[in-house]
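The data below hold one chain only, encoded as structure tokens and taken in the form predicted alone.
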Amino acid sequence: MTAVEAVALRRTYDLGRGRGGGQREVVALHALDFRVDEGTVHGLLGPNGAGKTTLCKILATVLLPTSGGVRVFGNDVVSRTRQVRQSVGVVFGGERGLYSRLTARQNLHYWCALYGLPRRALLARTEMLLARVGLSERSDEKVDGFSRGMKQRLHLARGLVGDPRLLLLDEPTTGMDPVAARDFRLLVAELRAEGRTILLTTHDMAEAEAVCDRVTLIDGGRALATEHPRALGALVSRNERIEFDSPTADALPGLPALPGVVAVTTLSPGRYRVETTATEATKAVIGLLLDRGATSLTTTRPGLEEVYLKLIGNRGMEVGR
């Protein structure tokens, strides 16, 4: 089943009249076609102003589309807003949405009450969520004393209060230390295993490659490409790369002249890379390198970060708004 489907989605912001009297507007989403399959983790990457957060706000029914259609589990975000809201949870990055002078338990009590849970269900769900995100032992401490990772886990608990089928994660690991970010990714993997659908807005290429089933690159309100993170490398280069160690340069002579070899690069003293255009050329290079005593041979393709830079450029691997 399709969890999210946007067709020709357009969203503009009215800036009022300009000096010449004409109406001014900014196009945040421009005829965007977008799809997320149920039960998957889908990454959304792009520079500032790409339209990522605007898309998430429309899915959360905070904004209305200017034109086009958007459905969440088959429900139109305009005509069936209530049904959409019941199926979506939003997890913010940073400090937004937390009441720092309240304890973690008090925060969850408040959010559960907003969902209309009766007292017994409210208490049970609060304790379950605190345990789920590993905050049971710190549940009676005020949030302003929490670390960044703990606050983000509380954000996740908040997003799960309504037991949503779709989670919108807006830069969830920004500012986290590596251990906290790893733990958060493990929680995301557990939620996916439960059958939940997750839309992850991130600028962290390693995070996207680690947790996403598919990734959409978005720029100027348009989707440039949607693929598995590794498959996106084919959009940039079909070259294969062989990286190897050689204590001397004896392994290098003749490599550039081999059929299918397009480049030989020195990465660092004793470490080299050969790029080829075909699998057969790669096999020939590897055979030659082994005969010449090269070690630590690895083959790679372009990573997600390189794809991003090639397709979008250096205009900002930052949080898009």
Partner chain sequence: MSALVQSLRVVGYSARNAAADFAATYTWRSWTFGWVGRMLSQVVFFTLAGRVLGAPDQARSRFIGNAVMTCVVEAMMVVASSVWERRAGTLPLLVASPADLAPVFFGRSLQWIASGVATSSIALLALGPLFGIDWTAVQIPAVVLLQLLTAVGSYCFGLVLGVLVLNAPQLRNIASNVAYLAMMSFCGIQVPVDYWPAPIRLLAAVLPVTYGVRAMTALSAGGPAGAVWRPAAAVLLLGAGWLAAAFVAFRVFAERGRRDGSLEFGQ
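Positions refer to the first chain, counted from 1. As the structure is a prediction and not an experimental result, all values here were calculated from the model.
Not pictured, yet referred to below: the form predicted in complex with its partner chain.
Among heavy atoms of Val77, some come within 4.5 Å of its partner chain in the predicted bound form. In the predicted bound form, its partner chain sits within 4.5 Å of a heavy atom belonging to Gln106. Though the partner is left out of this view, Ala131 does not reach within 4.5 Å of its partner chain in the predicted bound form, counting heavy atoms only.
Its partner chain is not drawn, but in the predicted bound form it has no heavy atom within 4.5 Å of Arg153. Between its partner chain and the residues Ala281, Leu255, Leu289, Ala60, the one pair within 4.5 Å by heavy atoms in the predicted bound form involves Ala60. Residue-level contacts in the predicted bound form: of Ala180, Leu98, Leu166, Ile242, one residue has a heavy atom within 4.5 Å of its partner chain, and it is Leu98. Annotated contact segment (heavy atom within 4.5 Å of its partner chain in the predicted bound form): 78 to 86, selected among 220 to 228, 189 to 197, 242 to 250, 78 to 86. Taken together, the three residues Leu102, Tyr110 and Arg158 all lie with some non-hydrogen atom within 4.5 angstroms of its partner chain in the predicted bound form. Of all the residues from 103 to 124, those having a non-hydrogen atom no more than 4.5 Å from its partner chain in the predicted bound form are Gln106, His109, Tyr110, Trp111, Ala113, Leu114, Tyr115, Gly116, Leu117, Pro118, Arg119, Leu122.
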